[in-house]
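In structure tokens, one chain follows: the form predicted on its own.
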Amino acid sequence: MTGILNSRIVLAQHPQGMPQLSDFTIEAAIPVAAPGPGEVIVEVDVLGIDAFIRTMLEDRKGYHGSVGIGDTVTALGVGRITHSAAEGFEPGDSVFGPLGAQTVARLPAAFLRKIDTSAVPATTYLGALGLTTGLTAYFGMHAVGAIKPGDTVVVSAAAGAVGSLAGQIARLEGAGQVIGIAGGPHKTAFLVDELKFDAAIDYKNDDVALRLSELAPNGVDVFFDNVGGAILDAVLMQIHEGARVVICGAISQYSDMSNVSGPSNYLKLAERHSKMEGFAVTHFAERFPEAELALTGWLKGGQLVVHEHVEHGIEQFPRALQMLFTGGHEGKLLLSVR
């Protein structure tokens, strides 16, 4: 034994709809065994609160896998190695990987990536340089959306982690107009005032279709969708000839994955010679260095605004996950576990 104690969030029952606090339990003061061959122990610092976590809480295996009852809830995080039995990994190394919703992780070093925190904070590898955030936004806009100079681009969940970067990347890639869709006047103000979107639509208080017709009378060239449902249908009615609809996620559907509702206006794709394409960031693994180089350059040049919303305490993990779906944050939602 190491003398180290762990606290972790485990799944008590599979959520029905929106995750409830009763779906989780916290187990504290768990002794951590010494690492076996090829393993390390990581003191977890910060976790990313990502939408894929919800899809893994279902009572069936999805694309990202599933969390069993009594298992530690999956989450990506950053931390520092305290003990190592793995070649190439030393105590003090900063790492990123699937650390889980816990304060200490014991896992194979092969699951981890050593990160350089001399130039950027460790949390950058969960946000702007993160798989589920910056890299996802980059490939969705650059490779799938194939931005062209002058394009009119619309982003849903635009005040969230991926959407806030996707809209900025669209502008950096040459878009002529970037319109964000978000919920509430504080979020639309955030998009326009801080992120410099050209316009924003408040889906909670505005008629999305009407506002789109006013803001983009010639149609939408690229739609980066993180929401699905009614918002996807509204934008499909406004697409321009040759439009590209990028399916990054569908957060409006994640609380009922057994009853996902698809778009009813998909025939607009045929009418307007347009396409809808889904993707996962892992499909572009061989191009990760390209994305990291571009994103790092924009960060160093001050061209990307990255907003972090940080909650504190491992016991707050269930509430933070709820916040992701109720819209109580802007930018990247993080949990500092201590």
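Predicted model, so just to flag it, every value in this text is computed and none were measured. In case it trips you up, residue 1 is the first one in the sequence shown, and so on.
Only in words, not in the display: the form predicted in complex with a small molecule, which the text now covers.
At a distance threshold of 4.5 angstroms between non-hydrogen atoms, Ala161 is in contact with the small molecule in the predicted complex.
Although the partner is absent here, His142 sits far enough away that none of its heavy atoms falls within 4.5 Å of the small molecule in the predicted complex. For the chain shown alone, Ile314 is not a contact residue for the small molecule in the predicted complex, no non-hydrogen atom being within 4.5 angstroms. Proximity of Ser252 to the small molecule in the predicted complex: non-hydrogen atoms within 4.5 Å are present. Remark: of stretches 80 to 88, 219 to 227, 145 to 153, 166 to 174, the one touching the small molecule in the predicted complex is 219 to 227 (heavy atom within 4.5 Å). Residues Phe24, Phe96 and Pro108 are none of them found to lie within 4.5 Å of the small molecule in the predicted complex, as judged by heavy atom distances. Checking Val178, Ala101, Ala182, Ile239 for any heavy atom within 4.5 Å of the small molecule in the predicted complex turns up a single hit: Ala182. The contact with the small molecule in the predicted complex, taken as any heavy atom within 4.5 Å, belongs to Val281 out of Leu304, Leu57, Val281, Val40.
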